[in-house]
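Structure 1 and structure 2 below are the same protein chain in two forms, each given by itself as structure tokens.
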Structure 1
């Protein structure tokens, strides 16, 4: 059991990385990997929200299956995600104002970050159990965060080099560095 969970966890980080293998969560990936600090802030917020929403969505999907209304799961999932984000924001504002100041601005953006919905959809497609789902969600979010932090680090160094052609500046060069990173991570294929 423990070994199985470890396999789910490690494979969701390295072999099936959300950002570099499935190419998900790219909009914030491109726009936020320009500086290391914002990348870390967004990453932490994503880990928190993804794990929480997967844990909430799993029992709700069971309920939909039991009532034979699983056709509605897109609508239900996206409402759950939006509501969770709103709730987390309110709780943080009330009880942890310091935390809210640190990554509060990233929370509203998360609702439209496709990785949150994607993790819940993969959970349904792969028919994971509850514990598997939570571990998979946590691992995927960690993998995504790792990828965005590494790319941000590369881009902070690239700024010092300079001399990038005009049209390639910004998103173009971020994508090239992400591509090289994706090549590197392909080396893990078959490990788990």
Structure 2
């Protein structure tokens, strides 16, 4: 069982990385990977939201919706995601106002960040148990966070190293960096 959970965790970080393999969550990924501090903060928020929503959505789906109401799970999942993001926003407003200001519109947009919904849908499609779902959600969020942090770090180093051609500044260089990271990740395909 522990080996299975380790495989689910590692594969969700590396082989099935939500940002670099499935290209999910790209809007905040591109927008917030310009600064390392902002990327770390967004990553922590995404880890919290994704893990908590998967832990809440699994019992809701298994105990309530599998009784013939499966059609409602998209709506229910989105309501749980919105409530969780609202909780994160209230916590950040109270304890981390500068970070909340740096996120701007992207903090409430976690609600519609496709990685959050994708994790809940994957746990249903893959028929994961509760522990598997939480481990998968945590690993997926950690993988997305790792990708945005590495991309932000590369972006900050590139700003220090030299001139980036005009057409490549901003989102262009971020996509090139993410593409190179995705190629590196492809080397792990088939390992787990």
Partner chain sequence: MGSQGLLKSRTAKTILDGIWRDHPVFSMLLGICSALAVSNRVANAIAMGASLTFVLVSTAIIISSLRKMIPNRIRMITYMITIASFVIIVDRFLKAFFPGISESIGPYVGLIITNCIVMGRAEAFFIQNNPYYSVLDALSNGFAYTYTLVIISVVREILGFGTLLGVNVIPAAWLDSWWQNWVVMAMAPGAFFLLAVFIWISRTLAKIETKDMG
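Numbering follows the first chain given and starts at 1. Basically, rigid core = biggest C-alpha set you can superpose within 1.5 Å across the two forms. Only a predicted model underlies this, so the values are computations on that prediction, with no experimental measurement involved.
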> Given the two isolated forms of this chain, which one is the form predicted together with its partner chain?
Replying inline: 1
> Hey, does residue 79 budge by 2 Å or more at the Cα between structures 1 and 2 once the core is superposed?
Replying inline: no
> How many Å does the Cα of residue 89 travel between structures 1 and 2 when the structures are matched on their rigid core?
Replying inline: 3.9
